[in-house]
Each structure stands twice: as structure tokens, then as C-alpha cells.
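The chain below stands alone, shown as C-alpha cells; this is the form predicted on its own.
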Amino acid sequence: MKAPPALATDPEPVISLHDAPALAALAREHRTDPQHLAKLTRRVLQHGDDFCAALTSLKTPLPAPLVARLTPGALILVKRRDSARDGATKLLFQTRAGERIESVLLRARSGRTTLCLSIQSGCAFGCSFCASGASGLRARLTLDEVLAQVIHGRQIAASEGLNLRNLVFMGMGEPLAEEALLHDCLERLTTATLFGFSPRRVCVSTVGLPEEMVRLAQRFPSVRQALSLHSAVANERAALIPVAREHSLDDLRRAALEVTRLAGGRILIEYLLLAGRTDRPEDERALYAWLDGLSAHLNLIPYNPIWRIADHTPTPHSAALAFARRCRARGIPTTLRRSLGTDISAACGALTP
């Protein structure tokens, strides 16, 4: 009798360049100096080198079987759009499962370069001013897919002679709804031997999940938090942000106070200016009362009209300037944000899967 055919074995799993324990095991398996592998990791994750270029730059080549186990990222860059008005670039990615997400590279006039990251494809929270929420939640991302956005963003910045130093989780999806994934991302992003970002240059934006906000501050006190308040009037906030029906303004304020206590600094309060809805005198009074005694920086956001959302009107620029002046006169540190990427649908609230 003939021996039965050998069963096909599954290919060995690929290993990401940010998976330090797996990389250490891989180096041992192939009897390779882990420092040689660490040089490759630094070139890609910290310096923004292309994976193949980083490989060829190594003085001591890595064994081919070892290299075959590595993957530089989990996303395909499908399309890039550059703003004709400012320093914004929108990046459209596709996952291996076929889902699409968008990230935005922002080059400020000050020279600061920031990457706006997505943590989901779409969003389940359905905020009335946000295109991502209008799409609903399409897919949750993996750790590799979130961090691949950083790898691509750093490569683009490096190719232009820029240093990507700032990350904001303000793209598609609610970061605190993916708490475990977010914490894993932050751990690797702020590890000196991996991506090496300063925690103070990473900001996480949330629509307001109080318990998760506090846990984030407990584990990563130096990572900045941005709370999308948008209204300090309960019924108005609930109309704009449906999850506000589950978490009261008092609960949010207690969470914000605890975040500032743990972090030893200010929390960023994001406030969307909508004509006749968040910019009225009663809205200002409610905002002042909510901020009273809280160590916060107020970030006023001009509304960027979105084609599929027709029931909001931006506060006129002159009125927005006056609103900012009155807040500063009350002693509230205030910035009126300058939106980038409006001509390529890359501004705040405009990203879609």
C-alpha cells in the first residue's frame, strides 16, 4: 500500500515589526543577533524607512527565512489626496478583509506634523454632525491595522524631510469603545524601542465614556484626552450625541475632573460651533458653568458641512471669533481651530469608510 499523502501544513504566521516578544523569539529561532533585527525595527517604525530599503541598509543581512516571516504592515494604500489649500493629505486604506478606512496627515504652518488615526471603519455612535457615524460601524480594526496607519504616515512625512511627532485618535470610530485595542496601541506607540512617541504628543478623543476615560488616565496619565462636549445643555447634547442619553453631564464632569487629577494637567474640551444650537447666550452660560473649576483648554471647532448631513449650519466666522474672545475674557484658555483639508473632505467629522 502507498503511504497516505502528507497533510498540508498551514504557513507560519507572519510577525509584525512592533511585536517585540515574537521578534525576540524569531531571532532565537534563527540564531540571529536580536540587535540586527532591532535596527530594522527602528528604521521602519521610528525613522519612516520603507521596509525593503531598511533591509538593504543593514550592514549584516538578516536570514531570508527570518525575513519571510516579517510583515511591515496590514494595510494597502488605495488612494492619496492632497489639499490644494493647506498641508492636509487624506489617505484611503484597505484592509486584507476589504474594509476601507481613512487617515489624515496634517502639516501645520508652525511646522508641527500630526497624523489623525482611525480605530474603526465607520462608527456606531451616530453623532448627528459626523459622516463616520452616518455610515454606522462597518468593521473593527486589528492592532496591526491601526499601527499600519502610523507606519504609512511616518514614511510619507520622512520622504518630505518631516518628523511625525504627534498622533491624534480623532479619525473614524470611538477609541474608548475599543478600550483593550486602544491600550495595546498606546503601549506600542509610546515604547521607546518600538515607535518611540512621547505620550504627551498622543491625544485620544472621545464622545464621553466616563469610566473608560478614567481608566485611560490611570494607565496612561501622560496621554492627552480630548472630550467632545459640543454642548453643555443636556437635551441639546443628547440630540447631537446619542450616547449622551446614557452618561449625564455631571458624570462627564466628574470623569474630567478625575482625568485632570491623574494627569496633572488640562483636559482638552472640544466644542462644535453650530448656529442657533450651540452658540446662543444660554449655551455660553451653560458652558461656563460646566467648565467652572475644571482645568481645561477649550477648543472651538468650526462646523464643516457634510453633504449627507443637511440640518446643521456653521456659526459665522465673525461670531465664532467673538465667542472665543468672550471665553478668554472669562479666563478660559481657548483656541478657535483652523480646519485643514476641507477641500478634500478630510476635516473634522468628514471621514467616511
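Counting begins at 1, following the sequence as shown. Everything numeric here is computed off the predicted structure, so don't read it as measured data.
Only in words, not in the display: the form predicted together with S-adenosyl-L-homocysteine (SAH), which the text now covers.
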query: Three residues, Ile101, Ser121 and Leu181; all within 4.5 Å of S-adenosyl-L-homocysteine (SAH) in the predicted complex via heavy atoms?
result: no
task: Identify which of Met170, Ala232, Leu147, Val223 has a heavy atom within 4.5 Å of S-adenosyl-L-homocysteine (SAH) in the predicted complex; exactly one of them does.
output: Met170
query: Among the candidate residues Ser135, Ser205, Thr190, Thr95, which is the single one with a non-hydrogen atom no more than 4.5 Å from S-adenosyl-L-homocysteine (SAH) in the predicted complex?
result: Ser205
query: Quick one: does Leu294 come within 4.5 Å of S-adenosyl-L-homocysteine (SAH) in the predicted complex, counting heavy atoms only?
result: no
message: Is it the case that Pro302, even though its partner is missing from this view, gets within 4.5 Å of S-adenosyl-L-homocysteine (SAH) in the predicted complex, heavy atoms only?
response: yes
query: Quick one: does Ser228 come within 4.5 Å of S-adenosyl-L-homocysteine (SAH) in the predicted complex, counting heavy atoms only?
result: yes
message: Taking S-adenosyl-L-homocysteine (SAH) as it sits in the predicted complex, is Ile306 in contact with it (heavy atom to heavy atom, 4.5 Å or less)?
response: yes
- request: Just one of 127-135, 181-189, 77-85, 256-264 has residues with a heavy atom within 4.5 Å of S-adenosyl-L-homocysteine (SAH) in the predicted complex, so point it out.
  value: 127-135
- request: Sequence order please: the residues of 262-284 with a heavy atom within 4.5 Å of S-adenosyl-L-homocysteine (SAH) in the predicted complex.
  value: Glu270, Leu272
